[in-house]
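Given next, in structure tokens, is a single chain: the form predicted alone.
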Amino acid sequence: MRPQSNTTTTTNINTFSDPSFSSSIHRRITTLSNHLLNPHMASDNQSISVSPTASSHSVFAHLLPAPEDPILGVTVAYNKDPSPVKLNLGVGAYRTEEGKPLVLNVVRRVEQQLVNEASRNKEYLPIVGVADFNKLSARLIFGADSPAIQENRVTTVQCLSGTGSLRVGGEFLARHYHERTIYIPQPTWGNHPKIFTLAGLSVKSYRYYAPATRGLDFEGLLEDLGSAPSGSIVLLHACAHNPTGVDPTPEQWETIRQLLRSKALLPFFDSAYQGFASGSLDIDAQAVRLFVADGGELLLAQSYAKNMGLYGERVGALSIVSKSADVASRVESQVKLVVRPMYSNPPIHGASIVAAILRDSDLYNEWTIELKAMADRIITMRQQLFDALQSRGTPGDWSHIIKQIGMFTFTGLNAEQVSFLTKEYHIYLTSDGRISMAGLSSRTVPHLADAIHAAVTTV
């Protein structure tokens, strides 16, 4: 029996041998070639549109160079300065007496332990982060005996340091809180207004610092918050106010608490320096615990950048204190919906370091000793700078340097004097006159004192 012929193959061969088909292929190849050589050439009264990204000009060519961040830009300028006596007092990062970054010994020990744990892996964390980290962070700031913790009224979520905690909290409030205005102190950390604006809140300010006294404008604070609409959110620095280093007294904190609660204002604490200000973790948490003790609600952003030196690990937490355990559970479910599309879940390494230190009594004690040493060194730098200015007879009252607390001092120098310090003495600081005391050492204090004396007496 003869096999059937392959009609498909025969047809294909016949098709290719057809002159009209060959002519059609030739026209298509010619058209394609012309478009490749000149994409704007029209064919058969049609044109192929060219994607903007295929153009020789960038679709972003209209962008203008953005200004440097006012704080991080100080370091950029500092790095470009070849002077051997240059001094960077702009960025808030702790430095040793030798001017070097510090990794705490307890952190190094824990990291070594983590590396040697064969069972550790790099799997995703839950959306809320390391469970032990969250539990222990809440205990650290609110106190182990806090009624809010014992009653399960605290929701704590691991976030990307203090900045990320503020952003998640701000967006949560923008979605779920009935008021969308947040009052921030004037002045405050330069990133605060940007964070809350981008989170969807409307930002207003309340008076905080009095330039004339270089202290707290307490009356202005009370007047501004007293006139704020009921229910407004109020940002409060838990301790070591940035940039001024000016904190309310315990009595003033109590007055602030009574005012906020009487007007149903919602406190949002930024706690970036617990233990780093006074050297005591409990003392630096007093203002927060005062507000928790009255049973009211609040939010708190927590950072371990300063007090554990974990700047680059981006370790922080957002805690929300609610009226009941049931509400706290629902709050957590909604915070997850904020985090998930933002960064999915937090990094594991830094939070594991913190959790290991907070859960082990020996490691915890070692940490508190190192933490107090950092705080004490900063306090010593304050005293040395004050003494140096006094010995030079520098005009003015410089007692605010030793009255203020924490990493920063608001010197009172104006922008012109700051520029003078940079140009003539190669000292870099922000234009508002804020200096990082942690960037000073016994060796550099005389240089700074000479510069301040010259600026005050000649500019």
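These numbers were taken from a predicted model, which means no experiment stands behind them. Heads up: residue numbers just count along the shown sequence, starting at 1.
Quick note: we don't show the form predicted together with a small molecule, though the next part is all about it.
At a distance threshold of 4.5 angstroms between non-hydrogen atoms, residue 166 is in contact with the small molecule in the predicted bound form. Although the partner is absent here, residue 172 sits far enough away that none of its heavy atoms falls within 4.5 Å of the small molecule in the predicted bound form. At a distance threshold of 4.5 angstroms between non-hydrogen atoms, residue 189 is in contact with the small molecule in the predicted bound form.
Residue 350 falls outside the set of residues with a heavy atom inside 4.5 Å of the small molecule in the predicted bound form.
No residue of the trio 217, 244 and 400 has any heavy atom within 4.5 Å of the small molecule in the predicted bound form. A heavy atom within 4.5 Å of the small molecule in the predicted bound form is found for one listed residue only; from 88, 384, 146, 161, this is 161. The contact residue chosen from 210, 131, 71, 363 relative to the small molecule in the predicted bound form is 71, the criterion being a non-hydrogen atom within 4.5 angstroms. Comparing 106-114, 331-339, 138-146, 268-276 against the small molecule in the predicted bound form, the single stretch with non-hydrogen atoms within 4.5 angstroms of it is 268-276.
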